[in-house]
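Only one chain comes next, encoded as structure tokens, the form predicted on its own.
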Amino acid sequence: MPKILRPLDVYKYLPQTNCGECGESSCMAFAAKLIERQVSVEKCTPLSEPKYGKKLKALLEVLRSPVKEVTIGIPPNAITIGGKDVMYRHELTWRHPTALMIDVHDEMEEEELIKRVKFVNDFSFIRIGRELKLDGIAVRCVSDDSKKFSTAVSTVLKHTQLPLVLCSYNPTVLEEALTIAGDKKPLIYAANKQNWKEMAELSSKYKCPLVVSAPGDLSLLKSLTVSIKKYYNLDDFVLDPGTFVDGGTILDTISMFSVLRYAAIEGEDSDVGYPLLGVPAAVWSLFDGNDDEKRLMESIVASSLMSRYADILILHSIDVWPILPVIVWRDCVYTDPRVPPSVKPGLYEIGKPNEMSPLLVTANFALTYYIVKDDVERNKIDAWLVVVDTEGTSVQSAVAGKKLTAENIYETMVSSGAMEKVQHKTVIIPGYAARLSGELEDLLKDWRVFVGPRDSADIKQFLEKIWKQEVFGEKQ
């Protein structure tokens, strides 16, 4: 079983001065948050002093995750993968979301290669107020020609600052590419039983993380990792157990990923305690189907491997529809299950509201807030939006759980200054909060409370057919 840390296990390596520079009331409180991964060691600034050097080193060892963190690329675009502490995200939030890389290869026409790189650079999808993006480029050597591969890598570097994976089993080909890209700290793919010594030397020389690959053979994968660690003193590895997608072999792939992660976390086997790499792009060469079927299968494989511990995935399709479910699923898997997504309570402006604009109320559950905001913006409505602290729960749940009450709506209106923003003295509460209207009117005294629609998509119709007529006498 994995070790269970207690605050005292961490506290003994802290300065124990209770200085408060970390923002916590005491070193013990800071220790508890370190265990929960809610803060980083860097927050304790005194630990950077030379006199605490030994304590810092010991603390980092104590806090080291069963799955080591590995960084690819350089700031400000570097990505960190791994760093997992538990098998299941409900036990303790999974950190460092799975990196999604799109592949290019050195036999592509320059125009096509640049098009794919541009797609990765520009891809952006907003979900619940967060911008979801792709993470980098995997450059594959298909030609086995050092010059062609280096030219492709050089072209990619001219058009992106994102992290790279350099893919070839030929050490000579990779070394020439590393003379161009080595200072960007790419991930080197891959060391296998034929070339592991040469690949380890490249990893050591250019100080780049290294993929160790043994498709379908977990014993060999571990043996290669142990040998490279022993003889080359390296520790920045990513493990590739193979991605099999033809027939029913996807189950074998998922099983291998699960076995490796279980061995690292539950079995405390540090020799396999590294991030895992999957290649859903293999669908395009191994799966029998038309292009749309391959895109669908790639999306399914990517989502499945992400759910079963993949820390980095290499994809091929640059169509939005197969990428979107993968990137949204990643956002779901890597949210903190202990903390509902929420926005800061208070008063928000939508458009350019004035003293005659409607005053709306909603909960601070992020999904609720952004749905309401988007519906109001889409209908070109200038409005004030009062967001009440419901501890990140939706309107219906918050009313049922007494987290959205007449009292906290009133208090938010007062504290945010919402009541001074409008002259019409009316407020519109969500349809699911209808039962709060009478009590809220009692608190607001000379204000009128309207019960709006349950679905924010109907706000425009409600404003035009009911609110404007009742408040301003406008007939529609």
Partner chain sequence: MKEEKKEENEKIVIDLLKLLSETDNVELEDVTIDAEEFAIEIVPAAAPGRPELFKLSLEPVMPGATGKIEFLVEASPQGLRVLGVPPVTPAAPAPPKVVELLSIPFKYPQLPYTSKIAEVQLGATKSEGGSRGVTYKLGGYSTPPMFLFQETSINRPLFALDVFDMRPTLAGPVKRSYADVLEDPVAWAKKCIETYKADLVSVHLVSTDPGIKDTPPSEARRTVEDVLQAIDEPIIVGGSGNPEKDIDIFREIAKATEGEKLVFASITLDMDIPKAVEPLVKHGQNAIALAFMDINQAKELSRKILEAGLPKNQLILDPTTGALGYGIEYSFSVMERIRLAALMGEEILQVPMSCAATNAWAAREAWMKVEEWGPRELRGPLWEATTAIVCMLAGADLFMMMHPLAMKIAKTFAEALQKVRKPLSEIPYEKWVEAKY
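Residue numbers count along the first chain shown, from 1. So that the term is clear: the rigid core is the largest set of C-alpha atoms that superpose within 1.5 Å between two forms. It should be emphasised that the depicted structure is a prediction, and the values quoted were computed from it without experimental measurement.
The protein also exists as the form predicted together with the partner chain; that form is not presented, and the subsequent description refers to it.
Tell me, yes or no, whether Ala383 is in contact with the partner chain in the predicted complex, where a contact means a heavy atom of each within 4.5 Å.
-> Heavy-atom contact with the partner chain at 4.5 Å: absent for Ala383.
Touches the partner chain in the predicted complex: Ser154 (any heavy atom, 4.5 Å) = Although the partner chain is absent here, Ser154 would stay clear of it in the predicted complex, with no heavy atoms inside 4.5 Å.
Does any heavy atom of Tyr309 come within 4.5 Å of a heavy atom of the partner chain in the predicted complex?
-> Yes.
Decide whether Asp145 counts as a contact residue for the partner chain in the predicted complex under a heavy atom distance cut-off of 4.5 Å.
-> Asp145 lies outside the contact set for the partner chain.
If contact means any heavy atom within 4.5 Å, which of 155-163, 352-360, 81-89, 67-75 contacts the partner chain in the predicted complex?
-> Only one stretch qualifies here: 81-89.
With the partner chain left out of view, choose which of Ala406, Val387, Ile254, Cys208 has a non-hydrogen atom within 4.5 angstroms of it in the predicted complex.
-> Exactly one residue meets the criterion: Ile254.
May I ask you to choose, among Ser150, Ser299, Thr98, Asn364, the residue with a heavy atom within 4.5 Å of the partner chain in the predicted complex?
-> Of Ser150, Ser299, Thr98, Asn364, the residue with a heavy atom within 4.5 Å of the partner chain in the predicted complex is Ser299.
Taking only heavy atoms into account, state which residues of 246-284 are within 4.5 Å of the partner chain in the predicted complex, ordered by sequence.
-> Sequence-ordered list: Asp246, Gly247, Gly248, Thr249, Ile250, Leu251, Asp252, Ile254, Ser255, Met256, Ser258, Val259, Leu260, Tyr262, Ala263, Asp269, Val272, Val279, Ala281, Ala282, Trp284.
Aligning on the rigid core, do we see the C-alpha of Ala366 shift 2 angstroms or more between this form and the one not shown?
-> The answer is yes; the displacement is at least 2 Å.
Lys43 C-alpha relocation of at least 2 Å between this form and the one not shown, rigid core basis | Yes: Lys43 shifts by at least 2 Å between this form and the one not shown.
Can a Cα shift of no less than 2 Å be assigned to Ser437 between this form and the one not shown, given superposition on the rigid core?
-> Yes, the C-alpha moves 2 Å or more.
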